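Below, in structure tokens: the form predicted alone, a single chain.
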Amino acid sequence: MFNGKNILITGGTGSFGQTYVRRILERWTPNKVIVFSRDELKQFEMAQNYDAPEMRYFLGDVRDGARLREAMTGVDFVIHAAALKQVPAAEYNPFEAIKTNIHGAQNVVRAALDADVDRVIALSTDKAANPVNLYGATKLCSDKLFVAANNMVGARRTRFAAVRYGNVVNSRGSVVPYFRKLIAAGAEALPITHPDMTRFMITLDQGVDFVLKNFERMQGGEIFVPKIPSMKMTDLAHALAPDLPHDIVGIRPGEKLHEVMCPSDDSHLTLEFDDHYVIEPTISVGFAVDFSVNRLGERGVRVPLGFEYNSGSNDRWLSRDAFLEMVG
């Protein structure tokens, strides 16, 4: 699918971006893979590992629409991964989160339309479903922008979709490397916000593979949600440090007890496939689509009204051994 094509990834020096680039280079022979990000040091460091002739490194910020339009010239596929992602940082710096996560998404949409890009997938988050923090609210806005962008395509080939998934194990700033750092420093206890807290868990490789597959599945306007396991934070802490006690520190500002990826309010729009869910657009996307059958011929069925895909009521749970295998 990506052979001979030009691919651009915003925020491409992050954990997801580097894994995504590696997967593309392993499986296909693209014409160009463009890493678009604002940190020259991270680009320099990434280029030491990914220096194939098809690699391109563009300095730029998604807040800069003109630079995005330059970068997308001749591009076929875009993955939008650039975002401000830390919940506390977004709570304390709301204007900055809005500029990157909402205005930046708008710039990506406009640049993709101007460049007549074939397909665009935006990375979302479980925190965008019934958001209780600013980060989640900005990502919900981003999701709505990418879904509604399908109404703007006119005669263009461009189609937009989003992918929503849970906590990425071992990604920068996530709980596993944080706990490991505390353990290595000789911590006497691990901080747990609430003894009943649960989270969805996915690896970087699984997340990247899911995104790549959805480029083949997408028709335009979908929010794709993978079926992935849940884990209690207390079980995660026990797996990493069986002998350490837990210090219950309380739920932080903007944090949920359980994460939701398909809210019950969207159950009338949700389709269940073998290994994922699809949330249909709430509005007409401007072209006739049967979302129950995707471009690969996979068929989905409607979930019952009131259905909610929730990390606390999930029917798949990670065992200690499976978790330890997942985190390496």
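Don't overthink the numbering: it's just position in the shown sequence, from 1. Only a predicted model underlies this, so the values are computations on that prediction, with no experimental measurement involved.
Just so you know, the form predicted in complex with a small molecule exists too; it's not on screen, but the next bit is about it.
The contact with the small molecule in the predicted complex, taken as any heavy atom within 4.5 Å, belongs to A82 out of M201, V78, V225, A82. Only one segment in the set 58-66, 272-280, 292-300, 25-33 has any non-hydrogen atom within 4.5 angstroms of the small molecule in the predicted complex, and it is 58-66.
Though the partner is left out of this view, S37 does reach within 4.5 Å of the small molecule in the predicted complex, counting heavy atoms only.
Taking the partner from elsewhere, S15 is found to have a heavy atom lying within 4.5 Å of the small molecule in the predicted complex. Residue contact check for G221: none of its heavy atoms lie within 4.5 Å of the small molecule in the predicted complex. Taking the partner from the other structure, the small molecule in the predicted complex has no heavy atom within 4.5 Å of any heavy atom of A105.
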